[in-house]
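A single chain, nothing else alongside it, follows as structure tokens in the form predicted on its own.
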Amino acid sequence: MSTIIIILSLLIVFIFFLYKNKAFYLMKKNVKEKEKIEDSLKYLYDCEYNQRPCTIKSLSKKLSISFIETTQLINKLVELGLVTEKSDELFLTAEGRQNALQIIRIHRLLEKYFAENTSIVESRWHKLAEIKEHQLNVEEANQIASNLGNPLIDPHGDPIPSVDGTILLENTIKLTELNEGLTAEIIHIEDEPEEIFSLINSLKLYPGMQLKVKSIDKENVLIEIEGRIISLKKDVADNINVKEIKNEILIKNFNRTLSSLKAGESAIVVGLSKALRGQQRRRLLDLGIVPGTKIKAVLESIGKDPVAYEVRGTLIALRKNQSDYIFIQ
């Protein structure tokens, strides 16, 4: 009798683990399917926005899955009423576009959150957001938006869709389309391909910065930006979208930096570079370093890094990698 009980007990345990593993497998499978559906909608929206055709082949390549898997996925998208297929091309339905914009909203809000509230390096924002965007629901995304003050653009200059899917697009041109001698503001920087984005990042070029085209030829664009002269290959400059500034009053004169101030000298802060981002920028603002503030260099350390400055009756120490991006007159 005891032997039968032991066998039955073992059988029950075996069935339990079998069921548990199957349930886990099905749950994991559903998560993967959800990710593929959402990635597909994002890709179709990107194709639509950039007026590129989307086919089974291009979607298969984008998702790195087989042609058969892609066909099955498209059948699912059509069944859900998110996509239509016509003459071998794929198109978003109204519902599919709404879903795509919701995923894009979550992605861009996550990037904004990483920029403003974490010390995660900028080169990781996009990849991390691509992972996390599938894990958040609409309510959680709305809470993030509320905590961030409902921002309109992400750290790369991309517009963040509203709750109802409205997206405000600004008319821009590529930097390579700007004529010599003209001044413009950086509006958007493409975050793909990753290697070009990393290069632009390393040059400290960000949305909101003003630049002037010094010269342009078949291979390079030479720009002046915040007192720096930078040469960009055309394939790099093509990833930077700008808007020409036609009103001279709007052009900022950011030529002298706080790091040039000698001990005993005083100046007025006229602006902070867009290169100061997230927590670093917020700390300086909290210290009272805002346009119109008087600041005085008081004491230089050995090597002149850091330097002690007097701001609003308080002494603070700033390193050169911060004072280089604080503009004075």
Partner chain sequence: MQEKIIEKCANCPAHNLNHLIRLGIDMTDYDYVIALAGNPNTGKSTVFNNLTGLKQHTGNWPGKTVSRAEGGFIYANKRFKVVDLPGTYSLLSTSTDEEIARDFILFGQPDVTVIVVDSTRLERNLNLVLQVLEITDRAVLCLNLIDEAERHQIQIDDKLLSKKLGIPVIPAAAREKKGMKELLQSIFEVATGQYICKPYRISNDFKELTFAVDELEAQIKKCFPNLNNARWIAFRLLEGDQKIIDAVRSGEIGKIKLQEEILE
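Residue numbers count along the first chain shown, from 1. Quantities reported herein were computed from a predicted structural model and do not represent experimental measurements. Superpose the two forms; the largest set of C-alphas matching within 1.5 Å is the rigid core.
There is another form of the same protein, the form predicted together with its partner chain; it is not shown, and what comes next is about it.
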Does residue 56 reach its partner chain in the predicted bound form, with heavy atoms at most 4.5 Å apart? no
Decide whether residue 149 counts as a contact residue for its partner chain in the predicted bound form under a heavy atom distance cut-off of 4.5 Å. yes
is_contact(residue 63, its partner chain) in the predicted bound form, heavy atom dist at most 4.5 Å: no
Can you tell me whether residue 287 touches its partner chain? I mean in the predicted bound form, with a 4.5 angstroms heavy atom cut-off. yes
Go through 149-157, 73-81, 225-233, 195-203 and give me the stretch that gets within 4.5 Å of its partner chain in the predicted bound form, heavy atoms only. 149-157
101, 132 and 136 each touching its partner chain in the predicted bound form (heavy atom, 4.5 Å): no
Its partner chain isn't shown here, but in the predicted bound form which of 262, 282, 32, 52 has a heavy atom within 4.5 Å of it? 282
Along 297-326, which positions have a non-hydrogen atom within 4.5 Å of its partner chain in the predicted bound form? 311, 312, 313, 314, 316
Rigid core superposed: residue 42 CA moves 2 Å or more between the shown form and the other one: no
So with the core overlaid, does the Cα of residue 271 end up 2 Å or more away between the shown form and the other one? no
